[in-house]
Structure formats: C-alpha cells, structure tokens
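A single chain, nothing else alongside it, follows as structure tokens in the form predicted alone.
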Amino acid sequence: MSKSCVKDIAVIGGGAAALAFAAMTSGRRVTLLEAGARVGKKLLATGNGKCNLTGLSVSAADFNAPEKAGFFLEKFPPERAIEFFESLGLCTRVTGGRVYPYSECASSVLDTLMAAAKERGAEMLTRREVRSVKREHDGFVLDVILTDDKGAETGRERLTANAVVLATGSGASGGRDSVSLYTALGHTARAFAPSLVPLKTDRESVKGLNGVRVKCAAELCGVRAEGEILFRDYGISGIAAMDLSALYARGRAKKGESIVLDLMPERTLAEVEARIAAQTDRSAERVLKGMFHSRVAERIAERAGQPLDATPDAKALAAVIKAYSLTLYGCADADRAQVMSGGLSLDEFDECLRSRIVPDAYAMGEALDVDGLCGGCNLQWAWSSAYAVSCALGK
C-alpha cells in the first residue's frame, strides 16, 4: 500500500556526511532516509572501531582531485572539524597526528551526531530505500521502498521534498551505491573502484609470510608510502598498502607494475650493507634474524640467493632489504574496501555542492568523485562537504 508525505529537505542516506549535515543545519526540517536498519552503520567500523575523525595534516594533496577538494577543505579544514565536534560535546584526542574521540570508540561519534541532529529537529527514518528521484514542479518526488529486518519489501511511500541531498556513499564495506538516482537526472559519474583496500600480488613474493607484519616504506609508480605492511597469502595489506591501492583505484597504477618494499627505510643502502659486512663472523641466518622476523629473514636470503648457513653477502642482502619487489596483480573486492574511488562529477556541482543541472539537488560525501588516503581524509571530506551543503540550505 502506497502513502504520500511531504518533507522540506530529504537526505538520501544516513551515514557520516548525512548525520553531520543534520547536526549543522538549522532553520530547516531535515529528513534522513536510510535503507538499512540503522543510521551510521559504516561510521561504527571506521578506524577499526576507533573512528579516525580527521588528521592534523590532512590536505588537498591527499585526494584524487586536489584542487577541487582543496576548495572545500579550505572552508572547513581539520581544525574546524575538531571545533565542530567539541562544540557538540565530543571530547577528542590526537594520537600521532590523527584525531579520535577521546573514548576511542566510534559509537561516541555516532551518539554525538545523532543527539545533535535530533536537537536540530532532524527526522531519521530507517529501512527506507529510495528507488527513484524525479523533479516535478518546484520540488522532487521520491519513490521509497519500505523493508523489514530481512530486506523484504513491506510497502511503498511517495515522498515529496523541496530539496534533495544525495549522501549515500558507495558500495565499500557493505555500503550502498545510489549515484544512479542522479545519473537518471542527467548527471555523469565515474565508475566506482575499490580504494584503501588490500593489494593482490604474485604469490612467490609473499610465500610463507601470511600474518607477518613489518614497518617499512612501499613504492608504486613513484609514490612512496610509509607505515605497516601485513603480508597475506594473496598479497599485502596494512596502511602503506592501503594508501598505494588508491593509485590502482584511480587508474594511475596497472597490473604488472612493481611494488617495492624498503624494509629498513630509516637507513641508507650503504648503512645496511655496512651493518651486515661488520658481522662476517656470523652466519647469514643469525645476522638476518637479528634484524627481521624469522620468516622475513628467510625470504630475504632466498631472494638474494644467500645460503643461511654461509657467510653473509652484504651487498646482495642489502640490495634485497632496500628493494624487496612484488608484482601487482590487482586489489581485493569492494566489501573489503574502506572507500570507493569514483562517483558523481564534481564539475557538475557549484561551490555549495548544488547541482548545476537540477535545481535544488545537492550531493556530498562519497557520492561525489572525491576520495582520500588513510588518516581521516575521507571522514574529513564528509564533514567539509556536509558543511558546504549546510551553508546553502541552512538558515
């Protein structure tokens, strides 16, 4: 049975950007339409459940569209994001330049945003899947499917709104890609590709290393990332690998290219070679296991053609340590991605993220073709884009 209702501002999606927008916007009635059973589900999983809100060093250079993203970051930078959350009552802390809720629990962020949104008078409707958006007269008509706990349809709603905001994110980590709602209105979009996701490599390079973690630097297509690498039987994960995966998602890196690990990034090649050469009275095995996890030591020796029980060949071993190469085969699927690279073309939206094609239609967050690296970049984009839309629609 279909019923009809009228809204002022309809926000499609109930994630980070949508909640922030509702918490920022006053003087207008905001209604969030979330397809899932609850709002903020993906937010709870960010930062391994700790919710890395932003980073002190987040800049335009961290994004795929630096000039375009930079415009919005300048108006609502990390410092303002911190002030915003503190003003809502969320206590924050900085660890290694990354900003977290003091509790280090993502639920604190979600609870704070939900409380602030309710104080602003926002309405949060769950199990509402928007199937179509049509421009009619001076507003919009949304066809909404109502579902039960299992996702089965239980009814339909015909909702009209004065303005509509697309904030559905993407298909990353079980999210929902709904940019087709806007492409049906005439917008264009770049196809989504998994980003901030584990990388698949040749099996030989990671053989026997599954589960081993190393702190190193990794380079792909001239871009260097430092941090942890976690070896898997299919490739590599960890922060450094996640950051490099953005190159593949954005089309800058292709299958067959080399990922080069510097296993001792804080030392030069000459320093590594000298350290090994100073221990020629010991076996290669003893020298290497004094520097690395035993399984990493064994792979280094094998790659260098070095018998473990022989006198260490300093030059050969140092060369492998400073440039352990793997071949890129691709990346993991979207369900393992933190974000997706792609979305609606930012060129089709103005400085308030208002559509240049459809009057009173807006977009924010992951729905737009903006994606960043690890370290709070993508949540910062959610806050910055929500602020831009709020400035346009709030009073």
Ligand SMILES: Cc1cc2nc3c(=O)[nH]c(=O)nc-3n(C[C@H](O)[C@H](O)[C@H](O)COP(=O)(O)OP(=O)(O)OC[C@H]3O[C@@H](n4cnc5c(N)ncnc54)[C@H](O)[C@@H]3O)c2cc1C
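A residue's number is simply how far along the shown sequence it sits, counting from 1. Computed from a predicted model, the values in this text were never measured in an experiment.
Separately, the form predicted in complex with the named molecule exists; it is not shown, and the next lines address it.
- In the predicted complex, Ala81 stays away from the named molecule, with no heavy atom inside 4.5 Å.
- The closest heavy atom approach of Asn378 to the named molecule in the predicted complex falls within 4.5 Å.
- When the named molecule is considered in the predicted complex, Ile236 lies well away from it, no heavy atom lying within 4.5 Å.
- Interface membership of Lys322, defined by any non-hydrogen atom within 4.5 Å of the named molecule in the predicted complex, is ruled out.
- The listed set Glu285, Glu129, Glu228, Glu302 contains one residue whose heavy atoms approach the named molecule in the predicted complex to within 4.5 Å, identified as Glu129.
- Segments offered: 209-217, 121-129, 253-261, 276-284. Contacting the named molecule in the predicted complex at heavy atom distances within 4.5 Å is 121-129.
- Heavy atoms of no residue among Pro194, Cys331 and Asp369 are located within 4.5 Å of the named molecule in the predicted complex.
- For the stretch 319-355, the set of residues having any non-hydrogen atom within 4.5 angstroms of the named molecule in the predicted complex comprises Ala337, Gln338, Val339, in sequence order.
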